[in-house]
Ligand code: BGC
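Only one chain is shown below, in structure tokens, and it's the form predicted alone.
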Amino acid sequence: MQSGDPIALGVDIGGTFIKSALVNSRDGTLASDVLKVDTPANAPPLSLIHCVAELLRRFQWGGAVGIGFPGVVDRSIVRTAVHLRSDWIGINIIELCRQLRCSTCQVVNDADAAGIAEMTFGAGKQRQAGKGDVILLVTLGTGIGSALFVSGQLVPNTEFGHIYTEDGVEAEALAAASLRERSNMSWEEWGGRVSQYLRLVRRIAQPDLIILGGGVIENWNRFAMYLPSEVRVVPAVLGNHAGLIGAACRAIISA
């Protein structure tokens, strides 16, 4: 993929946990154990960055760092942060990350990071060069993230988790994995909701392939039969590590 040291630290900031591991960007494998800390509830931006700094300290790491952020990041400026505090909006996150004292830091939308990993090493690898192919990765977790690729190229910050149904229900309130857990919902009912959401997204993006990611994919066989048949839907290969793998790869590419 690139010359030089292929190792970077990938960080995935989620609504529940901040996960991190060293990643070999040449083959997408983890070069360390995954460490995680709780995502601090309602913490100001600086406190969250201090949590990331604590992970760097545990790894004794000063090299390249890639961070998957749960919101839209446009030219280093945070534009949305639905699952974090509103005072993230307008912050230059790269400037904030200078406190990490690493050689280089790149920040990317968390679902886009997962999509980069799946397109490079996972379920989208064989389709990434197809001319005209539209591939959508959807992450199901605390919320719903999305990453859209056209002919192998990322269309950043799609945020399809925040579209609305015809009844005015936001997608995350319809089909996030966290909703199933909180409501003790059956796999059949939740799978039907995910199917409704995927049909809604299909009308917008017309994907040739949908890749579903997030920790819930470990239970793929419990809900896959309820998903729509009119579009190919497959589970992510890299599972819950896709976000930190993709973030680390972005850091190396940009270094």
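Just so we're clear, the structure is a prediction, and the values are computed from it rather than from any experiment. Note that residue numbering begins at 1 and tracks the sequence as displayed.
The form predicted together with beta-D-glucopyranose (BGC) is left out here; the points below concern that form.
- For the residues 155, 93, 82, 89, the 4.5 Å heavy atom test against beta-D-glucopyranose (BGC) in the predicted bound form is passed only by 82.
- Of the residues given (185, 163, 150, 72), 72 alone sits with a heavy atom within 4.5 Å of beta-D-glucopyranose (BGC) in the predicted bound form.
- With the partner omitted here, the stretch from 174 to 182, 141 to 149, 98 to 106, 116 to 124 that lies within 4.5 Å of beta-D-glucopyranose (BGC) by heavy atoms in the predicted bound form is 141 to 149.
- Although the partner is absent here, residue 111 sits close enough that one of its heavy atoms falls within 4.5 Å of beta-D-glucopyranose (BGC) in the predicted bound form.
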